[in-house]
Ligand code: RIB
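First, one chain by itself in structure tokens, the form predicted alone.
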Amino acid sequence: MVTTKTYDTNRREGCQLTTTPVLIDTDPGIDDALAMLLALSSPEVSVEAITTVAGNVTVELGTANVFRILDVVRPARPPRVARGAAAPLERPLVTAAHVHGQDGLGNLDRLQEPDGRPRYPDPAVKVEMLDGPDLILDTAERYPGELVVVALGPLTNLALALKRGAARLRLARRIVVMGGAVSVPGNVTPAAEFNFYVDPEAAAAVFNAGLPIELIPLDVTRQVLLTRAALAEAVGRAPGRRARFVEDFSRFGFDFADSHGEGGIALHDPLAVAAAVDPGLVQLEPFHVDVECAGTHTRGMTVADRRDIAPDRKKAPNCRAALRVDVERSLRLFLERVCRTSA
């Protein structure tokens, strides 16, 4: 573990905390950005590295968004950042600009200050020489038995890391994956959640690799709903640069949710980070999970063996999946962390 001098959750200064090293694999993405802000605001974890992957937006846009977020947060010790896979393993890329805006962050590039300057100018992008999969392996080696990988996008980078060094990837202590739908419908097709739909071959490879996977599927993420009113109240208590940033990039997400009668932004990716920070927020159950790659109508479907039969008739569990969540505590953690300070 990494020991740092920082604040605890009650804001006591000077408390020695043992923090968990974390790597975030992401395709920002409005809810990815909220998840990154949560991770960077949580003293229990130290964000050591961020890798980007094509998904919600292209990997180039996603990488720029990571640096835009870091420019707002300005962590004392910036994480290493590497650009990862630009396309799924075997398929053309499917993006979600209609959900997240053309730039992935609610079209922030269109916002201007009263004097005409861009509110969010293009950030300086300083990526590692290593690509995303190699940075994942390098970070796992730096923190053997300690690193928590939080995968918020398609699992392409993890699948490539497996091909290059499966034993090195298995040095990670936990791999928390936001993706899939165990007992509920998908969100991009009736069968599939978006991340697994984009690169089902990568997801299938990762789930069959003997990794310590904790799956945070739509079953629980859809329950944790951020309303416009709740966010406005929270940021109103802590106005500042970060609060305005959150309001600006989330507006597009709220408008999309309203147009689809959803009532708010489902905190898909923030819940995965919250589960990494506080595992007690979700209840995990062991399952064997396969990901459908060949089906015409079931591409990316999460097939979890939930049959009530003798265990010796099933394949051994290859992950633990969250089917229950403490909604109230998850929302409170998110709002207190993301909106607690002026920046």
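Numbering starts at 1 and runs along the sequence shown. These figures come from a predicted structure and were not determined experimentally.
This protein has a second form, the form predicted in complex with this ligand, left out of what is shown; the following refers to that one.
Exercise. Should the three residues L152, F194 and H268 be counted as contacting this ligand in the predicted bound form, with contact defined as a heavy atom within 4.5 Å for each?
Worked result: So, yes: the whole triplet contacts this ligand.
For this session: Classify M178 as contacting or not contacting this ligand in the predicted bound form by the rule of any non-hydrogen atom within 4.5 angstroms, answering yes or no.
Result: The answer is yes: M178 has a heavy atom within 4.5 Å of this ligand.
Exercise. Do T95 and this ligand come within 4.5 Å of each other in the predicted bound form, heavy atoms counted?
Worked result: Although this ligand is absent here, T95 would stay clear of it in the predicted bound form, with no heavy atoms inside 4.5 Å.
Problem set entry | Close approach of T52 to this ligand in the predicted bound form, 4.5 Å, heavy atom | Heavy-atom contact with this ligand at 4.5 Å: absent for T52.
Exercise. Are any of the heavy atoms in L218 no more than 4.5 Å from a heavy atom of this ligand in the predicted bound form?
Worked result: Taking the distances in the predicted bound form, the answer for L218 is yes, it comes within 4.5 Å of this ligand.
Problem set entry | Candidate stretches 28-36, 309-317, 290-298, 66-74 - the one whose heavy atoms come within 4.5 Å of this ligand in the predicted bound form | It is the stretch 28-36.
Exercise. Out of 95-130, which residues reach within 4.5 Å of this ligand in the predicted bound form, heavy atoms considered?
Worked result: Heavy-atom contacts to this ligand in the predicted bound form: only H100.
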